[in-house]
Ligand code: ADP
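A single chain comes next, written as structure tokens; it is the form predicted on its own.
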């Protein structure tokens, strides 16, 4: 059996927070990738996908564990890998050709480097654009430059961090096809592709191996071996069946079938979304007869899959929707909330957030303090103590957003103080 090109053994990543506690981004990641394969790292927003990709390339050193490349322990940045970023990461003051040249290793003669750049420009379809500046390019063309810059170093592994998510659907589809062509033809010596994505269909279309991540902390939920032959027909029954399998694995982790009575029995994280996002989701549901499949809902509200699930879970926590299987459905209370005027909405919202243990605990913290006032730092320390694997700053902002809307707490952003609105609690 051949040696895997990439192997991760017990990889974890922890960050020390200002309060002295640690935030665990990734925990005990183990997998291998065989040479000649395309792999996707799939998971919801915030599960550590991009962090994991940077550890694999050597841009980040894990807190624990090892990364092996062709059986050898990786001790720094791997020059056999190159990266394509979501936001293009081009230098606006450099031309297309100059941006691509940045990817050269610099160990070749100038004439040979020139030929390499010319070849890659030809491969990715940038002929005639060599002297153009990024501001004159479309999003798709900018990403072509990013791909060309990555390929010009003659990498064995092309790492891509959500490279198509900022592009329109048609451009994304065309670039996926071209990247698959680069790989199948072995362009620039390319052996493997490793792509981070939140898009299930993209993962199924491109990848042989799909590493599905859970969150809080990021960990391997499942590894799916995709046996669909290339080229893959996205309209075939087999393709839809595979998407559904991956979908079930992913949503079992982030949309668990939890009895409603157990949702309020312990202090647990709340989804980090805003009130306006919840209301927007309810309005979309109302426009679609009160029921949408979660993937369709993601398309309607123009949010990535992970973010959509977070919003749906927040709405469910408030009692406004239910999420049987993979659907999001209006409840009677959700319908009543949406049909109410602003004041009635606030009353309903307040009644629901007071049932959530974490928000109730923060309100009690303020209530039991001197003068019913605490600082943001005191609140974040409390949140870190109760939920050490969460980001206290984001949790704080979510709680404040909910509490301000419900008019149970007030927040002075200048003095960074949280106070109780006593008549409303």
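It should be emphasised that the depicted structure is a prediction, and the values quoted were computed from it without experimental measurement. Numbering follows the first chain given and starts at 1.
Below, we turn to the form predicted in complex with the named molecule, even though it does not appear here.
From the list 65-73, 43-51, 380-388, 362-370, the contact stretch for the named molecule in the predicted bound form under a 4.5 Å heavy atom rule is 43-51.
If you check the named molecule in the predicted bound form, you find no heavy atom from any of 33, 183 and 209 within 4.5 Å. When contacts are judged by a 4.5 Å heavy atom cut-off, residue 25 counts as touching the named molecule in the predicted bound form. With a 4.5 Å cutoff on heavy atoms, residue 404 does not count as touching the named molecule in the predicted bound form; it lies far away.
Taking the partner from elsewhere, residue 397 is found to have every heavy atom lying beyond 4.5 Å of the named molecule in the predicted bound form. Along 206-237, no residue reaches a heavy atom to within 4.5 Å of the named molecule in the predicted bound form.
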